[in-house]
Structures are given as structure tokens and as C-alpha cells.
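The form predicted alone is given below as one chain in C-alpha cells.
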Amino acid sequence: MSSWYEASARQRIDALADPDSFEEFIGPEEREVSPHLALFDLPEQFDDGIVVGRARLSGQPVLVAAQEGRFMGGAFGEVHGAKLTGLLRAARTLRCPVLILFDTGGVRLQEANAGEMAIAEIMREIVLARADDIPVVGLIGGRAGCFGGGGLIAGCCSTLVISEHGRLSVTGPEVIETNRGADEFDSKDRALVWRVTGGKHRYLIGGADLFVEDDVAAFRRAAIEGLSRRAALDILTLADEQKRLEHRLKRFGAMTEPRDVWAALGVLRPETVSGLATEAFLAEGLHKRENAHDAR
């Protein structure tokens, strides 16, 4: 299995971690299923769509959480969220970095209140971990992308890794279309979806830190690099981030098309950016990103 996009949650962990180093917490054998889905006659999954545990990455101890986008779109529910919250709390106790392999459409509507509470708890734990200088690295490149509350959690990570197949946003295309109509956002226009939420655009405007091929080995290398980056969340980091976001809004706030943003950044041939191979894209756009003074 070489494609991160095609892999399952467990396949991604196996490819990411050192061989035979992963130990799962609260595995399927413990039958910790959602207490709510049966009420809606919906199928359950014994790990509730998320795999958590500890492993080693290039010899370094890490805690790992991988969402399974093939189960309810990787959506957050009560058990799903509690497993990730507990893992992050353990990270602070163990002083151990965390890898979150995102693959989620957001919160389950069937468990909306519990899911929203879980999102808030997870964000709080990431902030507390980073305040203790513990890296929390997010990796995005799965089928479901990273939307809704998952997008908010991703924004709290110390480093974000994304591939061209990855998508990142708070509100998903289908949700926008449902609420505002296809004239506002046509979720069936795949080129539009990837121009707005796709990995290349997110990387160019500073929404992600590292851009990689859809390859498990590339994600592994990026995860190792992410663990070496500064993780501390302090007042200076927040002030720099605020300045960067204010600058982005001032420069691009009136633009409605991502290709206009690419042109303003000086990326050559913006109309062909979506077709550039990763190596060519990085060579062309790496030094032209909006977050040249990256302050994540």
C-alpha cells in the first residue's frame, strides 16, 4: 500500500510507525461502541471509527490517532472524541508528541451535542499540550478530508501536513450547497472543490505547513520533520499568527477565486497549478507562500 488516500486507518499507522512498534489502546476487542447509533438503526464499529495507541517514529516514542474515513465519514461522536481526548491528556502526562491522522467530515449529526463537546475538549487539550511544548502534528490526505470540527482541531496543531488529495475547511462543500444553494457553491464541481479546499491552495495561503505526495513514505518523512519543528504556543506565537491572518485578509479578502490568490502570490501559470506534479509545484510555489514568516 503506497497511497495514503487509499489506505485504511490501520494501514496508515502501520506505514507511518516503525515496524512492529504500534500498540493500540481501547482496541476493537474491548467493544467500546457508540451508545447512540443503535437508536437510529445505524451500524456500529468496534473502534468507533478511530484507532489510538503508542508507537515509535524513527525511534522516537509517539502517540498516534488515526480516523477511519470509511466509517461514517470519520465523524466525531462521543466515544470517537473521548478516545482522542484521552490520548492528548496522556501526552501531557508522558511528555510525548502526538500524531493525528485526520480523515473526517466533522461531527455526527446523530451525536451532535456529544460530538461538539468532544471537539471543544480536544482543542483545549491540544492547546494545553502545546503550552507544554509538546508537538501535535496533523496529517491530512484521506478520502473524507478534514472538515467541520476536524478543521478547527487541525488549526490548533503545531504542524500540518497535507497532500494534493487532502482537503481542509471548516464547512464542507455539500453543507454550503445545502444551506446556500448550488449557485453559491456547487459541490459536484470537483475542480472548484479542490481549488478552494484542496491541499495545494491550503499550502499556498499558509493553511498547511508541509505539502507532500500521496505516498505513505512521504507522509512518514513529513511527520518526522513535523516533530522537529517548534511546537510551543505562547503569546508571541499567537501575536505573530494574528498579524499573518490580518495580512492575508487585507491582501486577499476581496478575492473570490483561488486562482486570483495564486496570481497575487506570483505563482506562475496559475491556471495550470492544479495539474502540476508535486515536485514542480513545490519548486514553483515554495518560496512564494503567504506565510513566508510562518508563525504556526
Partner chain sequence: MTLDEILGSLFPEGHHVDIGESILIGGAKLPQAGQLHVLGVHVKSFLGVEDACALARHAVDVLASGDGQPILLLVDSASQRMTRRDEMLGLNEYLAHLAKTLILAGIRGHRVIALLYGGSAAGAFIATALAADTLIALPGAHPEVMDLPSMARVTKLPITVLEEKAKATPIFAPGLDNLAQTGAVFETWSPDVPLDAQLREVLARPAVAGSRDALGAQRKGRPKAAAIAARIVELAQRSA
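Numbering follows the first chain given and starts at 1. Predicted model, so just to flag it, every value in this text is computed and none were measured.
The form predicted in complex with the partner chain is left out here; the points below concern that form.
- Query: Is residue 121 close enough to the partner chain in the predicted complex to count, meaning some heavy atom within 4.5 Å?
  - Reply: Flag for residue 121 set to yes.
- Any chance residue 265 has a heavy atom within 4.5 Å of the partner chain in the predicted complex? No.
- 4.5 Å heavy atom contact, residue 180 and the partner chain in the predicted complex: Yes, residue 180 sits close enough to the partner chain in the predicted complex that at least one of its heavy atoms falls within 4.5 Å.
- Classify residue 241 as contacting or not contacting the partner chain in the predicted complex by the rule of any non-hydrogen atom within 4.5 angstroms, answering yes or no. Result yes; residue 241 sits at the interface with the partner chain in the predicted complex.
- Answer with one of 222, 216, 134, 196: the residue that has a non-hydrogen atom within 4.5 Å of the partner chain in the predicted complex. Here the answer is residue option 196.
- Residues of stretch 214-252 in contact with the partner chain in the predicted complex (4.5 Å, non-hydrogen atom): 233, 234, 235, 238, 239, 241, 242, 244, 245, 246, 248, 249, 252 sit within 4.5 Å of the partner.
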